[in-house]
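Before any questions on binding or motion, here is one chain by itself as structure tokens, the form predicted alone.
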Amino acid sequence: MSTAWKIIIGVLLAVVATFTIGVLSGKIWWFSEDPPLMVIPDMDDQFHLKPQGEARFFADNRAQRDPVEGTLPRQGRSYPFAMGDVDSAEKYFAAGNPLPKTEFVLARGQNRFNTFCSPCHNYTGTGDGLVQRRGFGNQETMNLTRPAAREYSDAKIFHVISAGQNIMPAYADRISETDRWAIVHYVRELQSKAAGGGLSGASASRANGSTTSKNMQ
């Protein structure tokens, strides 16, 4: 090989080595407004919205969409009563809570309560949750441990969770029927604690914490 070719090859190797070192070190020596060439994009770059953000694509500018009216989750069923149908609900559920009060049911009830209810009602059910502390709602209304709330029947608590009450939205389309009854059991535990009875069994050790449990079938 001639000396000229050796020089050319040496220069090329030096250029490639310099370029490689520059790329690996994060040094960028050029700028472009064009998007990178993606041979296999794998949906890396796609349109997406934040759940509570804005979306000009929709007429109401809301990114979060409500479920289509009349749709239900798998194994779900529609709740038959409107918000004000308390008497009808109490008659329909006159038999009371169909779930046995077990440690698993209480743990599941606490899990769902902490997830869906604690922002307003707090983990203790006393109504001083973060939403209330930020000035939205009335603490007395949100206090599930007050004497008036302790007088509610299981059917009424289940109805309020399912259909909503006052500024509280309905959760029948967000929490399964079984989980709503589990929450009723846990609300009774919180009321018992507030009245001086304390929480039963393992529930006492989880009074203000979060817990995870398997989905109830």
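A residue's number is simply how far along the shown sequence it sits, counting from 1. All figures in this text were calculated on a predicted structure; none of them were measured in a lab.
Below: the form predicted in complex with ligand HEC, not depicted.
Visitor: Have a look at Phe116, Tyr79, Phe93, Tyr123 for me and say which one sits with a heavy atom within 4.5 Å of ligand HEC in the model of the complex.
Guide: Exactly one listed residue reaches within 4.5 Å, namely Phe116.
Visitor: Ligand HEC isn't shown here, but in the model of the complex, which of 85 to 93, 67 to 75, 141 to 149, 98 to 106 has heavy atoms within 4.5 Å of it?
Guide: Stretch 141 to 149 is the one.
Visitor: Is it the case that Gly53, even though its partner is missing from this view, gets within 4.5 Å of ligand HEC in the model of the complex, heavy atoms only?
Guide: Judged by the heavy-atom cut-off of 4.5 Å, Gly53 is well away from ligand HEC in the model of the complex.
Visitor: Would Ile167 show up as a contact with ligand HEC in the model of the complex if we use heavy atoms at 4.5 Å?
Guide: Yes.
Visitor: Under a 4.5 Å heavy atom criterion, is Gly129 part of the interface with ligand HEC in the model of the complex?
Guide: Looking in the model of the complex, residue contacts with ligand HEC do not include Gly129, since no heavy atom lies within 4.5 Å.
Visitor: Is Ala155 close to ligand HEC in the model of the complex, meaning a heavy atom pair under 4.5 Å apart or at it?
Guide: It does not: once ligand HEC is placed as it appears in the model of the complex, Ala155 has no heavy atom within 4.5 Å of it.
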